[in-house]
Ligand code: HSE
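To begin, one chain is listed below as structure tokens, in the form predicted alone.
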Amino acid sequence: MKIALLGCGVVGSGVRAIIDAKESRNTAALEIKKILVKDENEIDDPRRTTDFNEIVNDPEIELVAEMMGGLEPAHSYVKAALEAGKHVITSNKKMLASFYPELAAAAAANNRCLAYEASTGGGIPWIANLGRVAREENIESFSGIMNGTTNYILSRMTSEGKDFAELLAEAQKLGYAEADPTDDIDGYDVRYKCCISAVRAFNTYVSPEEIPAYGIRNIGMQDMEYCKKNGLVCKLIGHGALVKNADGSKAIDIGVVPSFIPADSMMAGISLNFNALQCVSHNLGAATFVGQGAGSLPTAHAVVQDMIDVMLAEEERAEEVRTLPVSTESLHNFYIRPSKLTAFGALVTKTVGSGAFIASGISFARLKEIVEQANDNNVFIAEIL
């Protein structure tokens, strides 16, 4: 099968290395015909081009793998490739989460695959295994550590007692965090991954903007001390579950929030930049997948696995997804440390230490409203699990 790569950065270079090495009979059957790059100065290989038209108009190219990142031109290129009758694989979580219904419709209309294993969990076979469970039984919920950057910071805050700002700077030096770490530390990266996981687990699409997301930007040592005194560990957790409202209508309980979990739990032991993702269903129970959530070769491994599935006609075709409202009735318990307690007074169930309190039995939707009304940019929120 002749393929094209859109982008040859961290992930794309890993894909090129794996395919060019031809270590298996399946990778030997894949041939990279074109590699799209941004600048003519990058053309150091006869396969490289700066002209997307050389790819989309080439009838020999059956599959396009997008690893450019960002919304545009990635979105336009992926849509054009599908409409030209080419299978598409993407590792681009932000683009996929933002445009999934449109791209899935384009794939279905042209009877082509839209595969995205590498978009969530890096090299962990998360999307594939969600699909395997869902083809046999209903998935009840998913949850997990979906961002290696924040897990690296939180696990070292727990084990070494260092503060957030110091560890963020270290993560940036090591290449675990971007120069602008907003997507990671404010929970947006996990929000995209929850959106994509809900598509595969529940055949349900929720726009990323509708998913409540709280990050770890405002975490302080006093919050870590609370955890230590109470036998807890802080992790940034993304979750999703299908629920029924009181009137019997269906909804999805979905969100991203720092979570205080028992120190002796399995998730608490996931350290540094590892990810751990869990789905729960009636027959299988809780199944957890742990591994590298990012990195050139682990993520490239997932991209190539999708290529092989498409080549062997083992990849599922994209299907139309339903939409459900985000639940306003699912209740949770939260630890909240605001700048000004007065704006949150109605939520206080119990005060815990200086300026922090527990709010019991409140929905993410209601909490989001109160936080927005308070206009408190320094509030730290964690769910107590």
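Each form is matched to the other, and the largest set of C-alpha atoms that superpose within 1.5 Å is called the rigid core. Residue positions are given as counts along the sequence shown, with the first one as 1. Small disclaimer: the values here were computed from a predicted structure and weren't measured.
Just so it is clear, the following notes concern the form predicted together with this ligand, a form of the same protein that is not shown.
This ligand in the model of the complex comes within 4.5 Å of no heavy atom belonging to Tyr205. For Arg112, no non-hydrogen atom is located within 4.5 Å of this ligand in the model of the complex, even though that partner is not displayed. Shown alone here, Ser259 lies farther than 4.5 Å from this ligand in the model of the complex, counting heavy atoms only. By the criterion of a heavy atom within 4.5 Å, Tyr188 is excluded from the residues contacting this ligand in the model of the complex. Proximity to this ligand in the model of the complex, defined as a heavy atom within 4.5 Å, singles out one entry of His87, Lys93, Lys235, Arg200, which is Lys93. The partner is absent here, but in the model of the complex a heavy atom of Tyr176, alone among Phe164, Tyr226, Tyr176, Tyr100, sits within 4.5 Å of this ligand. Residues with any non-hydrogen atom within 4.5 angstroms of this ligand in the model of the complex fall in just one of 250 to 258, 216 to 224, 263 to 271, 139 to 147: 139 to 147. Site residues Pro212, His239 and Glu383 are none of them in contact with this ligand in the model of the complex, judged by any heavy atom within 4.5 Å. In the model of the complex, the residues of 181 to 198 lying within 4.5 Å of this ligand by at least one heavy atom are, in order, Asp184, Asp189, Lys193. Core-aligned CA deviation for Glu210 between the shown form and the other one: less than 2 Å. The Cα shift for Glu140 between the shown form and the other one, taken after rigid core superposition, is smaller than 2 angstroms.
Once the rigid core is used as the reference frame, the Cα position of Ala128 differs between the shown form and the other one by less than 2 Å.
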